[in-house]
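Coming up is one lone chain in structure tokens, specifically the form predicted alone.
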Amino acid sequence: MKFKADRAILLRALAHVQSVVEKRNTIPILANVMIAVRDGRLTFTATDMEIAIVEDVAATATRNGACTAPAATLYDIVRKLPDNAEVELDHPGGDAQLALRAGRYATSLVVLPTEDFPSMTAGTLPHKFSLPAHTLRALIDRTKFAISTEETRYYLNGIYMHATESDGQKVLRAVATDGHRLARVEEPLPAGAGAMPGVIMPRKTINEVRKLLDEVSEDVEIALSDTRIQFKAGTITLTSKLIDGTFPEYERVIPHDNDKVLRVGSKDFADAVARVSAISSERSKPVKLSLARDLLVLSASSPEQGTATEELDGERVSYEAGPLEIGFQARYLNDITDQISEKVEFRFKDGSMPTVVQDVSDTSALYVLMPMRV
């Protein structure tokens, strides 16, 4: 295998593949990236046995072949080369080391056998559809903050994506919950997704896909089965195992009879939450909302630091129901209001029941927040 490629092109591809590689693993080959040249086509492949990423790279190839090299080391070397460097990689085959040259710099890396490199391409992915990159980005961004990090509830460690109906319309719905809050976002159902099974995409997969979406403007091709999902965007293909578990019946926790409605400017509310919660260094940082007609008082207290309050009233607040007091964790409130552009709507039942939160101007996303005692 022998080829030359521009340093910037190599660096971009290596940044993608090396982020999938687990820094600590007991299987040495999983620390390596597979580099293959076939008929002038150069590909990089990396996997941690749960996720595999393959990227086609523009290069001038002079000899077919393949080898595996340490992903993190190769990335670090290329990252430190001069900006406009042309990089040559040469592997004569067998157990020989991989030679890297750029200008007057030269190094060689120990390789591992390509036949030891695992493959994740077995099996068919019968359900195929496409989503615009910005749509997939929005589905992820508006739900991933609610993914559970509690490993014992592994079936909550991802985003549940499935086809369903909402108000008579067929939709693709993404849901995440950690038991304290729930995020549900939907988009019109794309062609080809109608028969898809409900799948749970793992947290690491979501994070890797989200990073790639920052560099993509075209549609993303999605293919899936009961056990795997694949995303194709430009020259990159990411394949992942799915979480083997049953997502809970989330619809049962969404209240439908909350009749006390608060509307408030999203930025005004988020800023006030940030100011009053600054009084406490606790991670949970409870904030109390005290409501009266067209008046919202936010307050927080800390045994060590004291108390803080802030009032929002007048044109900034709309509330016509009776007095109400309810408490929430500050971080959970901000995670939701970060997804809302201008005006946020809270629908309450009482001070102890789940609260529904939505963007007044965009009902495609719905959030449920459990109150806490204050």
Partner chain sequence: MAALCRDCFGDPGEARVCPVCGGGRIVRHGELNSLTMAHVDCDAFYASVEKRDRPELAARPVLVGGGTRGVVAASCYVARMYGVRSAMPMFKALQACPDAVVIKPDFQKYAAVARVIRGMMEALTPLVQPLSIDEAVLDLRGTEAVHGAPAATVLARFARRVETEVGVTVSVGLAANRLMAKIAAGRDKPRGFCVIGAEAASLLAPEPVRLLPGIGPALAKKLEAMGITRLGQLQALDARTARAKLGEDGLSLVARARGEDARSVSIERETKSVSAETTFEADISGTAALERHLWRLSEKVAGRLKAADLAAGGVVLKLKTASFVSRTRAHRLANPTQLPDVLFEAARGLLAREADGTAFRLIGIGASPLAEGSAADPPDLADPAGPKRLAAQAAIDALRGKFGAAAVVRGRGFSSPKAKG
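Numbering follows the first chain given and starts at 1. Everything quoted here is computed from the prediction, not taken from an experiment.
Although not depicted, the form predicted in complex with the partner chain is the subject of the following passage.
- Of the candidates L74, L182, I200, I229, L182 is the one whose heavy atoms come within 4.5 Å of the partner chain in the predicted complex; the others do not.
- Interface residue among E150, E215, D116, D95 relative to the partner chain in the predicted complex, by the heavy atom within 4.5 Å criterion: E150.
- Not displayed here, the partner chain is kept clear of D83 by more than 4.5 Å at the level of heavy atoms in the predicted complex.
- Among heavy atoms of M1, none comes within 4.5 Å of the partner chain in the predicted complex.
- The closest heavy atom approach of H256 to the partner chain in the predicted complex falls outside 4.5 Å.
- The closest heavy atom approach of P248 to the partner chain in the predicted complex falls within 4.5 Å.
- Considering the partner chain in the predicted complex, the lone stretch of 237-245, 300-308, 103-111, 153-161 in range is 153-161 [heavy atom distance within 4.5 Å].
- For the three marked residues, R41, R79 and V87, no heavy atom of any sits within 4.5 Å of the partner chain in the predicted complex.
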